[in-house]
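Only one chain comes next, encoded as structure tokens, the form predicted on its own.
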């Protein structure tokens, strides 16, 4: 048989192919020749054939028929054969194929080989694709090589040990004695791989972390190595842009971060060296910036001194002035994480952060916007809102919804005066009315209603805004409502805050009638306008004109508008004596709960309430017929009203999964509520109904003891209780989910069900990941209405993913404290 072509000739031939079909033909022809050679057990050219096969594999063609030939090359005594054999094994084999187990004996022999390069090949292969069975069999040989004096083998053995620990964590203790002298090595390659090994061990085992802190005294050794790197002179072997071995420095800083987190002694030991790194590192090159960024992350994670934290935030502030967009983005992201704990230090860079709103890069603009809202407080609200309103004017449509929502929340929380608050929200509605949230209209109407002294000023401003632009529907809806409520103040010219305008009743009605016929008006806006015209029948003298307008829409093609007109016509005819009382001004509304769940965070030693960011959490909107059913199995959307006083019923056949979850809980106890007509959530029967106040939940501790509802497989669910005010029939239960295992629990979903005599509402959880080793918790609020004061019972369902496997469990909770339901 003629000698096969060489690898370089094959590459040259394939590159001459002009079409994909021509290339496939060449590959198929060569593969046929390689198969024939393999069948004939041609040892002379096996190495060359496998090399060509690997090149074809890199091009995306099947090469699995060469797996056994790789094993034969590994068993060869020639180094060149072994090299290609091990490379082929790493590319063509993995632990899903049983063939790889045949390599175990060859690797074991090569780990004890007299040549260090053969040993290195075996270590690389084991560290790349070794299965848990191979790792168990060969861990002893790896541990011996970790203790050898040969630095070439030690660094490869350390990386191989990392792979062994990831595959078989219980073998970690085997490598503990070998780690004692690793950091005393002079070779930077060994130091680097040793730090990687120690980091892996500390991350995977709290016991190892404690051991390295207290027994091995790892922190002083790492501090000494880092200090030598900073103070050492020019070393051409390790120098990168004038900095000595930045890769090793970054690895050491990451390990220090793990060792110092939550430990006072370790944090104290590394404070000085972190300050030296932060002040002595060159910032003109990206290499220095990478080290400074790791230093900042370490300072923020450990229990560092306040001066050191300020230094770290100042470094991030300098990053904001860098020309590199990636560095600016990293700085903004890091400042956003630290703003709650070091608010005053971040405030010093407010002007630089606001300047980033003008950046051309959309990612930087979004991060700058989020950070700007986090910096808003009572002292800077006017200046920050001015900048953010200017940003709202000029930003892309993608930003307008989030920016408008943020301005609403900040204005509600820190408004210096009611007039400023109203002016700010009207400015947002004028600028970005089409992008605001659905609840912005009732919220602004509530604000205006409660600001009695501002009624004349507000209705005049809104009337002027209507004359200028009727395209922003939320603004038009608020203006229509206000004109209907306070139209008499507009006509009488009672505004004291600014020069009153002269408006007649007919001009006001012309504007509202124009809204009814405008192509820009949505059905909801027309409903607002018709209701406003109807209200003016008790405030204006033009009753006949109003009757005529209302009667026209009694035959409207829009069913909602037609229903309103028919009802209003009935008021004029059959119930005219009741009309003035029905259409009198709305009373001052009670303040509703904040938009979305809140959490209490510590800021500069003071406790304040902040809005949780729930935009990334999945929420499922449900029809009204299910909104107040026995429970919300899918978690509540933030805009769904708090528990209603009337409960629509649903057919017994619906909700099979719900009944499965309820199990043997009694579903028949207590009287059945009267069925209520099903109404879409977005359109209440009367527009005024949508403005009715909702119960207000205050965080008033009721002295109710907490309880453990579930404790199994490392997952612990605790309930804490509060009483709602002013409705004592509502219990507010906060779940706290913690995880004592060594792996995070992801895709965590908590579901609950109660008997029919109760009502239950689930708010959005704080996260869907329960951190490992009790390093954090997931919280979620449950509201339970218990009007009959019956003993509370609950069936809970838990689903999550742990170590790649889905877990699902049911449990019944019957031992609620009597104070929680009595």
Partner chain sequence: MIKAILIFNNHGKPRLIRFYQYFAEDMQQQIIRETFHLVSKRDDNVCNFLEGGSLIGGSDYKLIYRHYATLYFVFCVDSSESELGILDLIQVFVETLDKCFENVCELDLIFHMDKVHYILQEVVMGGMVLETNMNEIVGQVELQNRMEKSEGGLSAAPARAVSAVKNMNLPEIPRNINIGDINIKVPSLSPF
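Numbering follows the first chain given and starts at 1. As the structure is a computational prediction, the values presented were derived from the model and not from experiment.
One more form of this protein, predicted in complex with its partner chain, exists but is not displayed; see below.
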item: Answer option from 554, 189, 714, 442, heavy atom within 4.5 Å of its partner chain in the model of the complex; value: 189
item: In the model of the complex, the residue from 318, 166, 348, 548 that sits within 4.5 Å of its partner chain by heavy atoms; value: 166
item: Its partner chain contact in the model of the complex: residue 268, any heavy atom under 4.5 Å; value: no
item: Any non-hydrogen atom of residue 96 within 4.5 angstroms of its partner chain in the model of the complex; value: yes
item: Proximity of residue 245 to its partner chain in the model of the complex, heavy atoms at 4.5 Å; value: yes
item: Contact of residue 293 with its partner chain in the model of the complex (heavy atom, 4.5 Å); value: yes
item: Stretch from 75-83, 520-528, 407-415, 383-391 whose residues place a heavy atom within 4.5 Å of its partner chain in the model of the complex; value: 75-83
item: Residues of 190-213 having any heavy atom within 4.5 Å of its partner chain in the model of the complex, listed in sequence order; value: 192, 193, 196
